[in-house]
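Two forms of the same protein chain are encoded below as structure tokens; each is given separately, as structure 1 and structure 2.
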Structure 1
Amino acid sequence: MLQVYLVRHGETVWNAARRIQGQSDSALTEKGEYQARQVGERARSLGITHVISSDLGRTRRTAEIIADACGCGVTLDARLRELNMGVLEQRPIDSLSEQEEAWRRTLLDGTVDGRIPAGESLAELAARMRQALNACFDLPAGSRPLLVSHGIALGVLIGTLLGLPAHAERRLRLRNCSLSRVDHQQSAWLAQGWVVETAGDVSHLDLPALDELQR
């Protein structure tokens, strides 16, 4: 059985300011660095052998802290990037017009072809995230990888592993530095292939997360 751990990056300046990041970037806050150290200590106890990260700055920094705790290096994979949010990237959520907010809501409310202009669809996101997950099969036998990615990206990945369409309503809360686990297995009582063992675990964090999902 292959176990793969999934971590959302630590809190960023723009998370706290309620600005849309997508594939744009902002640095981890002091709390975000602390969250990364805490999930790193949790990862150390799990026998992590590989840390694979989105190549965006906030995930890279989170991954570096985790990898240092686990005594391994960081491999970058652009397929783990956040959803491209097109013309709305870098914008404060509170500044959006009625039309722009409607575009944003199509990513959350189950709209089949939801997409922000000049951005990426959730189906496109799901396809590259599944490719990145399946690349773990190429690691040496006995590996226990940890992937560092983003809130919407990981939510879509976990949802599609559960059999939901990529555009399904967004109802899974993944806080900054939350930990999830998916297993590839053959069980008599589960569908063969990928299953979700845990999602959004924050028991290793001792401070409340301040991200856009709590506002």
Structure 2
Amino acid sequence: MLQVYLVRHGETVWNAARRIQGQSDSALTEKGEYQARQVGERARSLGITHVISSDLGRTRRTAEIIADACGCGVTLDARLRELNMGVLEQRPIDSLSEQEEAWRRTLLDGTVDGRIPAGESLAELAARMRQALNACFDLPAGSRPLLVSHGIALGVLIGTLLGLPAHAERRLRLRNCSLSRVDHQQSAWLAQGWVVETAGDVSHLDLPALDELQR
């Protein structure tokens, strides 16, 4: 049975400052680097064989730290990037106008093809994240991969694997350097295909980790 681990990157400067990142980027904070080392130790104990990461800076840095702990390299996959949040990227979360907030709400309320201008829809995000997950089938038999990605991207992936609409991702708290696991199984009794074993585990972190509300 293929088990795939999913990690959200460590805390960044803009996470802490409550600024929208999307496919823009900011560096890991000192705490984010520390979180990455902690999840790296957890990954080493799990016998991770492959680390595959979004090509944005914050995920690449997190992946490098994890891969060092596991004694493997890092493979980049742009399909694991965060949702493209268009014209609102780099903006403080609390600075949005009523119109801008209305754009963002179309991502949260299930509006068909809802998106921020110049951004990506959750359906488009879900499709590419599933492609990146299914690419793990091409790894050698017995591999134990770990994917490094982002809050909305991983929330959409996990939610849609559960059969929920993509916008349910707002109800899943995936904190910085949280660990999730999905398994692909052939059990006739449970659901065929991908099942969610763990979502948002932070038991390996000894300091509180930020979520989307920076709590």
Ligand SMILES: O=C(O)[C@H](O)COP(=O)(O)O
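Rigid core (definition): largest C-alpha set, two forms, superposition within 1.5 Å. Residue positions are counted from 1 along structure 1's sequence. From a predicted model like this one, the values you see are computed outputs, not experimental measurements.
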With both forms of the chain shown on their own, indicate which is the form predicted on its own. 1
Tell me whether residue 167 is among the residues that move between the two structures (Cα shift of 2 angstroms or more, core superposed). yes
